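Okay, here we've got a single chain as structure tokens, the form predicted alone, with questions on binding and movement later.
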Amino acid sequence: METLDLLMLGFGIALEPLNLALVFFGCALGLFIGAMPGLGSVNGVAILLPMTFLVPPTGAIIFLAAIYYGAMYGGAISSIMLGIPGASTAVATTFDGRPLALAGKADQALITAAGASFIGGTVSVVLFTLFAPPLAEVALAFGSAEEFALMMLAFATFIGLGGDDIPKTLFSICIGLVLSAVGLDIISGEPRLIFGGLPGFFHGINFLVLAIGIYGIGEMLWTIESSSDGVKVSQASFGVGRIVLHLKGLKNTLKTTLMGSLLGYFVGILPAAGATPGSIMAYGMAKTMSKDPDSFGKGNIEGVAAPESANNAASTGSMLPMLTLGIPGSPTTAILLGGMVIWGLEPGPMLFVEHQDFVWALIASLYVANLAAMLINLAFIPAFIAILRTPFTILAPIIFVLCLVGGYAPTQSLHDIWLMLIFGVVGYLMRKLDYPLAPAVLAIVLGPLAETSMRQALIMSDGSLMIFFERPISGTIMGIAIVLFVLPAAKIYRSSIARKNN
């Protein structure tokens, strides 16, 4: 009852006119920021942080959290409508969201993304409300060995992302891992794979540069070539009846959505994990558990529901270690943590005791922001649909300019623009040669995380690999990962035996 009373106190503060206006304004801004390639929640929150000094600390954190929430929703928009991931958290949505849009089902993809995001956000906020202290202890139990085991589990799901051609999938993963190693060594600080000392490679290869190159420029080149009789304008339609129909259809993806919500939340609460690994793992799990895994990547609606529910759940989950332990769970929450320090608030267990009004107002605002983001998203669907009706001769230059802006924005380096163009050509060639793109793109995201945790764990164990199997949590996760690595190979072997017997 005490938790409910505190939550009601929080709602009383969150629903004050100023704070409610900040929620809706923040969600609308976040939606735009998330939809713009190259911006993302990290840049959006960082850019708008100075604005929060004009309002009280409670209103400030509510505003920034609303931007974070809105950006998680907005990332799906450019992924579905243009095939360009707005941020790394939305890259998995591109795999099935874009094919659905090209098939004239953009409204279904957008509504499913909004609905799954709402469910994921709701599940995560409820878990946050009820179980914050014990879940914080779970996050503390995750050390380097457990984080590496989790990354291995994510890599195990990659095998399923490339179809039945395991050698090509493994090659694609290796390419991504090699690219993730470019830059400065995380332990010694020595440069590696910098191609003769080119200065631009010292900061490594930015994920968005790779993703925008492959999924923006590469897909545009592929679309132009594959449509020899002219690129057809998508016949996407829109109407209130179709919105109601697709909202009712959410029950068909409910199992996948709930799985993505729970998985995303628990990955999100782990320090340094964040929404990107959660969305990737949810997509891989959805495909692995599906009765029709071959339809993934071709327009399976569950391929939209799983990552979208996961990245929204993870965004809430990443706030838990920030508030309870003072440890940011993602780059965006690291900026929020800095803001709290500036406002004179000290994150940690005592925050829930000394500043109850602040904490519970934030938690209550997450419920409000979740609903506001979905309503704003649904309201703008007609505008999003209009994008697909634009002739490709007009849309292609716009996509190209957005790609250039998105590739330049993170580091403001022309070096990244040239890299993005090269990756676009490479992505186009990989499509022609039937090499899967997803494993390479996702490997460059998780590669640095896996390397850091592995090397830290090996330093702790004096080089013994048994540290990954001796600890209960890491051993269990590694066991599951090994099973997932073996399953696709076993499936292919059984299929080959069956063909020989026939």
Partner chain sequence: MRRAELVMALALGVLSAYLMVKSAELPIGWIPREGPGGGAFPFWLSAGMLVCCVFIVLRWVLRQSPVSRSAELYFNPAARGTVMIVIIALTLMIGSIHIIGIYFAIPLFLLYYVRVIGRHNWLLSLGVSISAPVISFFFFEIALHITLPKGYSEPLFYPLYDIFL
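Residue numbers count along the first chain shown, from 1. Nothing here was measured: the structure is a model prediction, and the numbers come from that model.
Same protein, other form: the form predicted together with the partner chain, not shown, and the subject of what follows.
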Indicate whether the partner chain has at least one heavy atom within 4.5 Å of a heavy atom of residue 471 in the predicted bound form. no
With the partner left out of view, is residue 463 within 4.5 angstroms of the partner chain in the predicted bound form by any non-hydrogen atom? yes
Would residue 199 show up as a contact with the partner chain in the predicted bound form if we use heavy atoms at 4.5 Å? no
Contact test in the predicted bound form: residue 345 vs the partner chain, heavy atoms, 4.5 Å: no
Residue stretch of 73-81, 359-367, 280-288, 172-180 approaching the partner chain in the predicted bound form, non-hydrogen atom distance within 4.5 Å: 172-180
Taking 15, 54 and 142 as a possible spot, do all three reach the partner chain in the predicted bound form with a heavy atom inside 4.5 Å? no
Within 4.5 Å of the partner chain in the predicted bound form, which residues of 417-450 have a heavy atom? Give them in sequence order, or say none. 417, 418, 421, 425, 428, 429, 430, 432, 433, 434, 435, 447
